[in-house]
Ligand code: NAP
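Have a look below at one chain only, the form predicted on its own, in structure tokens format.
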């Protein structure tokens, strides 16, 4: 179950949002009294309420906004208890002086915005002894392992426990809380009004992660990156899992490079079955794999890991997806779908460039590499045995296939193109791996010049669909993934 937090300055807005949330399916709502700017009327908020509530009035030291004196704040909480609120959130240090009354359940809470303490079990035991119906511990995650310690606490506790690691590192605890046995976790009314670091909105938790369907038997897939908040992989994979009727959830894991090995070693405890791998881990995971396919060896990077007991099998779906996308574009006018002998200019020398340049080279294309970081381009060119040109000389290549693997043109810098319009010819195939927006400035230029175009969405969905099959053994609903991605990034304008 989700508890949706409302923090508004006026009573009528709190009441209106409460009713709206219940209409949208929310079963529990937290009313944050510390956000109210006028004299707080607890009776008004609780009268004719459309559903059960948690009442809290958070102090500044606990991450709240209350400026009341401590006696007045505690009096508000006692009033909520006497008025029959379903739950009242009471901080650990005032629990002993706040007596139980009526049917109101006591949430004994602790917030730590600096760290996740090493002695979580001892803290929990101390709080549970304070006549707690529910123990709530919210701490700041400073490393991925903090999440597992919090989830273990939830799983192993006899008293129902809400455990949350805050911040972007802690996001998995919010999504997986139900799998580990938490009675509920928290979401915010709207994604732009998070009331705690890393908090997700009610819509995100229900529509993207289908939180109420996540249970002990739910399999876990995910993406590892640093940063990871921008990733749209969770959106499309979760949509595909739901469409296919698979009991699984796909989770974003922010994993700093120095914690990669420990995170992979803990895969079994997460119940991880598969991972998408992106920046900066595509190369770093190689020596952590127990086996890998020939594409991973040839490219020198993996973007997919499948866990099978102790086995970690590495794959690279970027290359397959890119080549399929290019060959489909080439055959769109009935021409032979062959890259052999064609000059292909690849812009960039990062992970996507490695995969695409390798695939082009394997298919007999004459690959030319260029990058604003010339040394990286030279290293990749030496590995593949292909040409490299200085970035300023890229327009002199006259390619038949142009592939942009740089972030130029990516949101929010949508008014930039890595290749000038007047150098694009109608005979060219232009492939831009940027997918947000789909219609980049380079794509618009290419269409205006009557080039055949491959967009980043085509490759992104294809590589994700290949991952889906590796993860689940089933064919991916590619149309569902495409529609979900396009809705997420907004309408395409040509």
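Residue numbers count along the first chain shown, from 1. Quick caveat, the model's predicted, so the values are computed rather than measured.
If you look for the form predicted in complex with the named molecule, you will not find it shown, but the lines that follow are about it.
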item	value
Of 407, 256, 102, 341, the one that lies within 4.5 Å of the named molecule in the predicted bound form (heavy atoms)	407
Contact assignment for the named molecule in the predicted bound form, among 42, 446, 434, 55, heavy atom within 4.5 Å	434
Residue 460 within 4.5 Å of the named molecule in the predicted bound form, heavy atoms	yes
Residue 373: touches the named molecule in the predicted bound form, heavy atom cutoff 4.5 angstroms	yes
Interface membership of residue 350, the named molecule in the predicted bound form, 4.5 Å heavy atom rule	yes
is_contact(residue 398, the named molecule) in the predicted bound form, heavy atom dist at most 4.5 Å	no
Partner-proximal stretch of 75-83, 104-112, 364-372, 233-241 relative to the named molecule in the predicted bound form, 4.5 angstroms, heavy atom	364-372
Non-hydrogen atom within 4.5 Å of the named molecule in the predicted bound form for each of 279, 391 and 456	yes
